[in-house]
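Next up: just one chain, as structure tokens, the form predicted alone.
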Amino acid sequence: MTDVTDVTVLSGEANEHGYKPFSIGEFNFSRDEHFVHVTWPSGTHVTAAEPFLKALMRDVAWNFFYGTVNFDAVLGTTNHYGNVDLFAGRFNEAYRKAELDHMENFPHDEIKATFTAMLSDWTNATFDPFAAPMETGSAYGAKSGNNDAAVTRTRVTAKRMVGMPDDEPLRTDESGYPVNRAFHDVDQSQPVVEVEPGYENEVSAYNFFAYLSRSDVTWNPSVVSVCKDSLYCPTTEEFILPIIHGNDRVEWFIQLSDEIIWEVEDLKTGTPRAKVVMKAGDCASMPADIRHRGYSPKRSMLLVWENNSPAIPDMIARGEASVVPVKF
């Protein structure tokens, strides 16, 4: 695979608004003070700059995630773990019937480099596409600086468990992670662990809620514990999930605090299938043949459990694994 630093990113001179246009394959992207414009051989699409940048941020930070990342009802990507589909209208029944849909496949590093450069150029100094609406400035207007410090954040990816020696450290005020404004009522005390000599590298514990209360991003599931293919990926949620996630495996949610409203649609057509209201203590699973978007009225804590096995999508395609967790 070509190294990201060796990939040529096709961009042009900045337009009158100060933003560069970008191209990959037959897709062309440009933005003005308010909107992002996308063209491909059979169609065009216009979307507001802020939701586009928030979706682009997740696609880049998550390395295209599991399955499909829909930016909206038209545009998105599908991860094949080594190469990525970029599509317009492919999972939109109206676009397909009108033969306006288009899809191209790219090496992972090529599309990642293009999206990363686009995110850097199109994000102004006052805007943080990872933050909640009241914690950032506006994405709109002519180009004004950049916020590379924000858009180059990386996901927390513990090797075993947060707080273990040589693993992802705990978050504290001293490390630059103050308690978020929504979680000042969360107890910050840490458990006392008395370890038998010789087992200091094997036994640990930490205050999980205190750790989450210091998250400076929203809708960004990080990996805090790993056991073989089992990943615990908690996140704090506020406002609207910036993408519509199309699963390629069953995904489990445990609502740890407050409330999230999930809109669930058919993966391929976008036809509504369910509305799920999760309150603290609720557990739900998202099947592998749907897409979903969440709405969190106030900042909440959510635990996402993922089976990271790379074999699952092919097993589902062959009928060897179910698209639902339980059949009654």
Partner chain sequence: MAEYQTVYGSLDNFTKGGVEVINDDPKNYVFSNMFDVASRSKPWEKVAIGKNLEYVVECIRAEGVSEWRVTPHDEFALVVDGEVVIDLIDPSSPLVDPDASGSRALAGEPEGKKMGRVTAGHGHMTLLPAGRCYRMSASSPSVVLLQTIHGPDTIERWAEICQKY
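Residue numbers count along the first chain shown, from 1. Because the structure is predicted, anything quoted here is derived from the model rather than measured.
Beyond what is shown, the protein has a form predicted together with the partner chain; the following relates to that form.
Checking 182, 156, 150, 100 for any heavy atom within 4.5 Å of the partner chain in the model of the complex turns up a single hit: 182.
The listed set 73, 170, 131, 254 contains one residue whose heavy atoms approach the partner chain in the model of the complex to within 4.5 Å, identified as 254. From the list 34-42, 49-57, 295-303, 63-71, the contact stretch for the partner chain in the model of the complex under a 4.5 Å heavy atom rule is 295-303. Though the partner is left out of this view, residue 229 does reach within 4.5 Å of the partner chain in the model of the complex, counting heavy atoms only. Interface membership of residue 196, defined by any non-hydrogen atom within 4.5 Å of the partner chain in the model of the complex, is confirmed. Although the partner is absent here, residue 287 is a contact residue: one of its heavy atoms lies within 4.5 angstroms of the partner chain in the model of the complex.
The partner chain is not shown here, and in the model of the complex it never comes within 4.5 Å of any heavy atom of residue 24.
In the model of the complex, 264, 272, 273, 274, 275, 276, 277, 278 are the residues of 260-278 with at least one heavy atom within 4.5 Å of the partner chain, listed from first to last.
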